[in-house]
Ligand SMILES: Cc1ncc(COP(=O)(O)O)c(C=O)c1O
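Single chain ahead, written as structure tokens, the form predicted alone.
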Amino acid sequence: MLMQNYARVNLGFKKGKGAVLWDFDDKDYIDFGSGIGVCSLGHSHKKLAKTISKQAHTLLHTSNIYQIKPQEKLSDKMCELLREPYYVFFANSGAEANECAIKLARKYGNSFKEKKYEIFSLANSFHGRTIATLKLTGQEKFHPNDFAPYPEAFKFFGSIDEIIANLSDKTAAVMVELVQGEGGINPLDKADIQKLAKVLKEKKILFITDEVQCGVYRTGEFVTSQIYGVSPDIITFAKGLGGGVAMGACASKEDIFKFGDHGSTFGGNFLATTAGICVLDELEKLKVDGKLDETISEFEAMLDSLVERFPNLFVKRVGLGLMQGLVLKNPENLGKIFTKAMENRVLILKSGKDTLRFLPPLNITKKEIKKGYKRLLKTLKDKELA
């Protein structure tokens, strides 16, 4: 029996291709969620499937006791795309990547005469479901007494200015999502982020960007920090990095850890890192060829059309790249539209209290976008919505 910790819908799938999934009755669904931003190359991508199969017939896992050549190759590829050198640690999820960043910050804080240990975040952020990353998540609903007591010295504030005002000689790091994924698809203000980065550098406080959801070309560039014109001390990754294979990564400008400080049995094994290399190669081609930017424009136009056609339902479109949201006038419609869209065989997500979330595969086709749009039109014309 499974633990009952997911509010699963009464729907499952047997196969997928591109941005399409098929249920057990052979009904097709347009997937505008891509497994919550994980399937960056869609479903059953030929090259990725071939790469995974070939690696499975060769070697899956040996552990980090031994050298893993594709792990080295993937870290080099990430640094190439980051356009500057970083030291990379591979994990299995976004929460693990953020745990690594937290430990790096704490270890960094020990290098000062007076120990620094505070780590700050923003309200409406989401950083994971471990005890530490839950506490760093800037939403009180994620801090129930069931899991208390939580680690001390993790604090969240309502704005960048509040974070800056509360920095002290005990602050080791600040972690932010440049586009908040669970907090309403909220892109932070570019000027605020550049100001924060400057202040943190002056005060020798680490600047960490959580790009678990907004990284790996999701917003149009390899990392969203490139769009914001900042160079974080630490960047965390997961979701789209493995194209469906579970993996996370933490990239740090400084090699802070020493032997034994941190580790992972599965992290960065042959299967995950070989898949990651394939994913980044394919996504880089999409970007260089201009196809990614074309797809972003196409998808944004589709959502803008929905806002224009249904002014009674929507306030505006929000987001960057293919990390998009539609803000609802009436939050009560959030669950209704999610369910009705599923009934009309188009899969979307929810974010915050009032935002429909869209995280389609980065290689979604115009035909798939058009078909999903038609199904959304049918959904939004439902008379029960108001």
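In this text the structure is predicted, and so the values were computed from the model without any measurement. Heads up: residue numbers just count along the shown sequence, starting at 1.
There is another form of the same protein, the form predicted in complex with the named molecule; it is not shown, and what comes next is about it.
Using a 4.5 angstroms threshold between heavy atoms, S93 counts as touching the named molecule in the predicted complex. Though the partner is left out of this view, V279 does not reach within 4.5 Å of the named molecule in the predicted complex, counting heavy atoms only.
At a distance threshold of 4.5 angstroms between non-hydrogen atoms, F126 is in contact with the named molecule in the predicted complex. Contact between T224 and the named molecule in the predicted complex is not found at the 4.5 Å heavy atom cutoff. V212 is the sole member of L136, V212, I208, A272 with a non-hydrogen atom lying within 4.5 angstroms of the named molecule in the predicted complex. Heavy atoms within 4.5 Å of the named molecule in the predicted complex belong, among the stretches 297-305, 176-184, 75-83, 110-118, to residues of 176-184.
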